[in-house]
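Below sits a lone chain in structure tokens, taken as the form predicted on its own.
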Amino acid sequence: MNVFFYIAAIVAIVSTIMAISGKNAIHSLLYLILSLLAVSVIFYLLSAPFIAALEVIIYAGAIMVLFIFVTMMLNIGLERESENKWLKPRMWIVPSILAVILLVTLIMSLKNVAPVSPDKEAILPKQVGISLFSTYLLGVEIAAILLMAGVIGAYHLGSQKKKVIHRFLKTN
């Protein structure tokens, strides 16, 4: 398990560095998704499969798709010339290698999983849901409001405003 942990950690670190140092916003978001998937593999290797599944569903799935949609709506970092660069292998070779390494690590770790001892009590999704919507309800609501404010703010920043010219200043 230690070897798989370190491989997943290296993939997470490399993809996070690529996400931070990227010049294109969409490429950085895709590297961030790969980083979140690597963190999910780390959680799985640490015998926390439920947290690993939540990491994939919530962070790598929902929130990152929201970020990509907002970035596409704002039209950040998109140029027509750069679309043709995606066809060249040098643009997708590094993310592909990192994703394949992560996939091989996950498959190999699934083969070497030791069964959970019966003395450990598993935390069920129902218990997590009850805890989130009773004890931590305020935190969940604040996170929901912040996400909604971010989407509304991104839409407001990205919307095109019409130029209003006074009727006497128009040139015909």
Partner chain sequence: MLTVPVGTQIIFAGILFFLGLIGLLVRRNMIFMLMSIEVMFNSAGLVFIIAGTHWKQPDGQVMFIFILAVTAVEVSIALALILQVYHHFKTLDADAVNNLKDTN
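Residue numbers count along the first chain shown, from 1. Rigid core: the largest C-alpha set superposing within 1.5 Å between the two forms. Note that the structure is predicted; figures quoted are calculated from it, not measured.
Although not depicted, the form predicted in complex with its partner chain is the subject of the following passage.
Its partner chain in the predicted bound form is not approached by residue 107, whose heavy atoms all lie more than 4.5 angstroms from it.
Contact annotation: residue 66 falls within 4.5 Å of its partner chain in the predicted bound form, judged by heavy atom distances. Within this chain, residue 74 lines the site of its partner chain in the predicted bound form, having a heavy atom no more than 4.5 Å away.
Although the partner is absent here, residue 123 lies within 4.5 Å of its partner chain in the predicted bound form, judged by heavy atoms.
Taking 2 Å as the criterion, residue 131 counts as shifted between this form and the one not shown: its C-alpha moves by at least this amount when the rigid core is aligned.
CA of residue 133 to CA of residue 63: farther apart by 3 Å or more in the predicted bound form than in the shown form. The pair residue 131 and residue 65 is looser in the predicted bound form: their Cα-Cα distance rises by no less than 3 Å compared with this form.
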